[in-house]
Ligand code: SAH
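Consider the single chain below, provided in structure tokens and representing the form predicted on its own.
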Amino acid sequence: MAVAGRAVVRLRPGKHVPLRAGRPWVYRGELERVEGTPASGDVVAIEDARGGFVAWAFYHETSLLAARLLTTDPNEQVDEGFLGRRLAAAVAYRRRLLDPVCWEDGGACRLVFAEADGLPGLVVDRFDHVLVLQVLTVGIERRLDAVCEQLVALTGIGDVFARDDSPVRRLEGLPERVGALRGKPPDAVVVREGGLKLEVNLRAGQKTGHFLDQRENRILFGELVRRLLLAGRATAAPPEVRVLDAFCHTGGFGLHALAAGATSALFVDSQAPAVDAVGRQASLNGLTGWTAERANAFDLLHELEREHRRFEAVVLDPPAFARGRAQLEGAYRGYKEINLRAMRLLAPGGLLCTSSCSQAVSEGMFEGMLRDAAADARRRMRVVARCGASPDHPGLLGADETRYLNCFFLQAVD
């Protein structure tokens, strides 16, 4: 099917099937040929091996991901109006779905989540009265001015900050960029999360400044500490609830536990800025009983086990152990080691919150690892809840990589 004014990417036989099932990108090895001379960021027509239209997509000349799908409607024009409709739909989805507090002063949420919102390579987070953008594809980069104008009009927020320091940009041939895109955004803001106030470093914090994908899980952890470990305990003295927050980043999980009434919390991270941030966050919320230690969490878990320490609640929220399938075996061993040790550290009835953000690690694989770790630790663990990313980080059926976060809440019942 020839398309006037557009280059055409023809797929090898059968390679259109995953796209029809929901996968939003085309690998370079799936291309039969390219008709025309499209530049990176151009919109091209994707065709199956027989010339049937499949989708409009952003093209890239050299990336492993040769094309990223935009729309399967052959009559839809990919222009500024298209961008506006997609952005408006993404924002409207969050307004309908999320707690109203996300839109008030101090609110925080993800407004745009790339392929899940039909805008490949664009991530937009709202932190109070600042929008933080990550632009990960040439297609969006070439249309960035229009994107910013549409976002400012949709949200009424004029301060826009770029956190374009992801390695993915280098793969796309794009330079790193950190700083203001519109207005005069500050380097740090304070947002609300549940009953907490949290400082977000927009310039130097992880990702866009804060891991919003774990927001609901952090709040739930605090609630479970309150309900499972504190509520209904008719004792002369309040029960002791000691919390270990390993790979703590800025301490969100442990801080929610302290706010819920936990007696003490030990925060552990290998990065000095994260350890320093815990103290600031605790002071911001008037919380006491915390200790923050810079250490390798693997080593510290082993040391705590050797010392026969016990905790009523343990959090494991490590960085990704597997970037792809080639690292799965090592990732499995790493996840099993830290979870086995965490289970041994749990007091009877204790609560374990454990996560994986490795795209290649499926929920089934993660659950199997937890089952094996529990068997080796000789602990009987009850599944209290299994969760994923916050609902403003939706995944796509047909693209397992977009459903990357697994979070299990387990209780030791022995």
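Heads up: residue numbers just count along the shown sequence, starting at 1. None of these values were measured; they are calculated from a predicted model.
Beyond what is shown, the protein has a form predicted in complex with this ligand; the following relates to that form.
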property	result
Residue among 77, 288, 72, 296 with a heavy atom within 4.5 Å of this ligand in the predicted bound form	296
Of 158, 318, 118, 106, the one that lies within 4.5 Å of this ligand in the predicted bound form (heavy atoms)	318
In the predicted bound form, segment of 180-188, 242-250, 163-171, 144-152 with a heavy atom within 4.5 Å of this ligand	242-250
Partner contact for residue 218 in the predicted bound form: this ligand, 4.5 angstroms, heavy atom	yes
Heavy atom of residue 271 within 4.5 Å of this ligand in the predicted bound form	yes
In the predicted bound form, residue 211 touching this ligand (heavy atom, 4.5 Å)	yes
Close approach of residue 206 to this ligand in the predicted bound form, 4.5 Å, heavy atom	yes
